[in-house]
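Let's start with one chain on its own, the form predicted alone, as structure tokens.
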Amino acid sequence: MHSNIFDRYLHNNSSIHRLAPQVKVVIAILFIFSNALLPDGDWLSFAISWAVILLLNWLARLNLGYTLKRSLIVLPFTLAAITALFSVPGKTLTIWQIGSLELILTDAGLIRFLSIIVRSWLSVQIAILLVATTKFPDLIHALEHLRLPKMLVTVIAFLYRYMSVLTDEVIRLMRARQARSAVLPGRNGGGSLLWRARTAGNMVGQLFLRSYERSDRIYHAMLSRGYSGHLRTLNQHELNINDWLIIALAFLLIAFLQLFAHSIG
């Protein structure tokens, strides 16, 4: 596999970088599940989870704000949970009348919504840290070792490998469209909305056909070179006793956090 423009791995010589990829994937999954199970409004436990992320950033020799700045991209997507503001029973904070629709904002709904935002924000941070400290080929082989379906792992691997190729195809299609769309002085380029929609649909269709033909050629080329559905690597990523101890320690710490959170809740 070759790196591409979507690669976010940061070369460094830290204890986190040297961990086996299976260990980092397992810890990331445990962390995300732990965030999902924390009670709504347990800000102390959320703060502890964030402190763990900052500690891992420091151990990975990354800027403490590295995951913080990049995790802000998740905030617009959390608006999908805005209905929680009005669907969770609780003490009424305010009532909004929109025509015949009455929206009742409750304290429990507000806490649920803010908790969802914090959970998503923390989960994205640990995912960013995982990608920044693990080479993508190693991440793919870790998923294989963790017994994810081979078809799913293969699709992810080839999506990563050829995403830059598809991006180049899109750029060529856009350039070809611009070369065929002359703009007269003093007039706007392009046609009506229907014309633009038809042009965009033709471009999507062309991209699909080119991708399909390229994938067929690549698949037959791989078969001729002995591909059998398994992505081979020189590094087998065998777990040693220290790796198992780190997984056990992470599990115990997360279990302790859960007990602490639900005991004070």
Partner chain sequence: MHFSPILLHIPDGFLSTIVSLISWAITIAILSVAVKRTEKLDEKQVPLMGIMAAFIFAAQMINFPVAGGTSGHLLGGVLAAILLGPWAGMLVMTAVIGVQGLLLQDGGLLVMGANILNMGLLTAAIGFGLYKVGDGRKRTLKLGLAGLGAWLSVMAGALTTSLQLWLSGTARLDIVLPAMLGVHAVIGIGETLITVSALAFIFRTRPDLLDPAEGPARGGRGWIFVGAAISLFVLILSPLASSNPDGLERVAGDLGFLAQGKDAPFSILPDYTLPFLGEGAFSTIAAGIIGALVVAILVFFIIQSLRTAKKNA
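Predicted model only: the values in this text are computed from it and were never measured. We call the rigid core the largest set of C-alpha positions that still match within 1.5 Å between the two forms. Residue numbers count along the first chain shown, from 1.
Here the subject shifts to the form predicted together with the partner chain, a form of this protein not shown in this document.
Interface membership of residue 114, defined by any non-hydrogen atom within 4.5 Å of the partner chain in the predicted complex, is ruled out. A residue is said to contact a partner when one of its heavy atoms sits within 4.5 Å of a partner heavy atom; residue 145 fails this definition for the partner chain in the predicted complex, lying far away. Taking the partner from elsewhere, residue 55 is found to have every heavy atom lying beyond 4.5 Å of the partner chain in the predicted complex. Looking at residue 240, you'd find every heavy atom of it more than 4.5 angstroms from the partner chain in the predicted complex. Checked against the partner chain in the predicted complex, the residues 92, 83, 97, 178 give one hit for a heavy atom within 4.5 Å, which is 83. Contacts of stretch 138-152 with the partner chain in the predicted complex, defined by any heavy atom lying within 4.5 Å, are made by 139, 143, 149, 151, 152, listed in sequence order. The two forms, fitted on the rigid core, differ between the shown form and the other one by 2 Å or more at the CA of residue 154. If you fit the rigid core between the shown form and the other one, you'll see the Cα of residue 93 move by less than 2 angstroms. With the core superposed, residue 43 shows a C-alpha displacement below 2 Å between the shown form and the other one.
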